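This document starts with one chain, in the form predicted on its own, laid out as structure tokens.
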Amino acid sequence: MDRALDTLIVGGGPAGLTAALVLGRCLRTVLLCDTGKQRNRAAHAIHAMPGQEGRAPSAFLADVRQELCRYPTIRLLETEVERVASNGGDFEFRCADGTTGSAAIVLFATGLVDTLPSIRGIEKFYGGSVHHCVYCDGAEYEGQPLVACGDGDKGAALALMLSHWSAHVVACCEETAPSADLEKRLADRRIPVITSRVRELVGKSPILEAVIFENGMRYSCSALFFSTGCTQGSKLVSQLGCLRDERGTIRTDPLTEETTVRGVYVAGDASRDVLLVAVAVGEGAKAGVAINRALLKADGLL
């Protein structure tokens, strides 16, 4: 078993990498474990991130990993953390590659996993012209025909939001009609409602040209946005006993990103706050500072 670390970081997306950078500059020993399954890995470009607008997420992450190599106290591993358990003081962990060790603090930056709509061939278009975030990708389709996909009110609410970017939006509410209130609001915006599932996507990957519904209707469009939910990227946080709120969000201190379990922190999309790269970077930096302060306090320096 490796000697005790200051911090184990689980997840190497924007939040985890930023936290590692802050902690490396604080001379803290850090092990960052990552499986390369970032939520935006299929996306072609980062948006709403100053200085990185339009850049490929893979290039951004590669640059940050290279920057971390300047700090000798940071170690990066391409492996999955399979187990984390409190031993009454530190946290003991085991990785899929056989690495074991203990850390004073654990930061989960494991993100979220989107539940893709059950549409034939959607993987070929996801990240190119099928998206889950209007703030990340809505501006690229200003004024173009769009499909908002989600069950019942989820699809209706998404369509209303998209109508800010385009007057040509169709609400695909699958097999559930929206509530009377949302139906009226859609009618006021002249947004058609289709209570039929999308059967197929048409186009040359990754460029979407049209969707075909189960009822046979074909609608030419430039993009499909969906609201079908997402799940936590790791079950380890729950296994450690971290509490969640009524929405299933991991409860954290807004000032430190620490969960209800002392020594366990969460940052990035896993916190389910605003789901943007810029916010994930900020949460990672905030967590890094809070973790260093916790370690300073433990050493009697604060």
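So that there is no doubt, residue numbering starts at 1 and follows the sequence shown. All of these numbers come straight from a predicted model, not from anything done at the bench.
Below: the form predicted in complex with a small molecule, not depicted.
Peer 1: Heavy atom within 4.5 Å of the small molecule in the predicted complex: which of 276, 26, 261, 64?
Peer 2: Contact residue from the list: 276.
Peer 1: Of 153, 92, 200, 80, which one comes within 4.5 Å of the small molecule in the predicted complex, counting heavy atoms only?
Peer 2: Of the listed residues, the single hit is 80.
Peer 1: Look up in the predicted complex whether residue 288 has a non-hydrogen atom within 4.5 angstroms of the small molecule, and give yes or no.
Peer 2: Answer no; every heavy atom of residue 288 is more than 4.5 Å from the small molecule in the predicted complex.
Peer 1: Against the small molecule in the predicted complex, would residue 35 count as a contact residue? Criterion: heavy atoms within 4.5 Å.
Peer 2: Close contact exists here: in the predicted complex, residue 35 approaches the small molecule to within 4.5 Å, heavy atoms only.
Peer 1: For residue 109, is any heavy atom within 4.5 Å of the small molecule in the predicted complex, or not?
Peer 2: Yes, residue 109 is a contact residue.
Peer 1: Determine whether any heavy atom of residue 126 comes within 4.5 Å of a heavy atom of the small molecule in the predicted complex, and answer yes or no.
Peer 2: Contact with the small molecule, yes.
Peer 1: Which single stretch, out of 192-200, 228-236, 165-173, 212-220, brings residue heavy atoms within 4.5 Å of the small molecule in the predicted complex?
Peer 2: Of the stretches listed, the one contacting the partner is 228-236.
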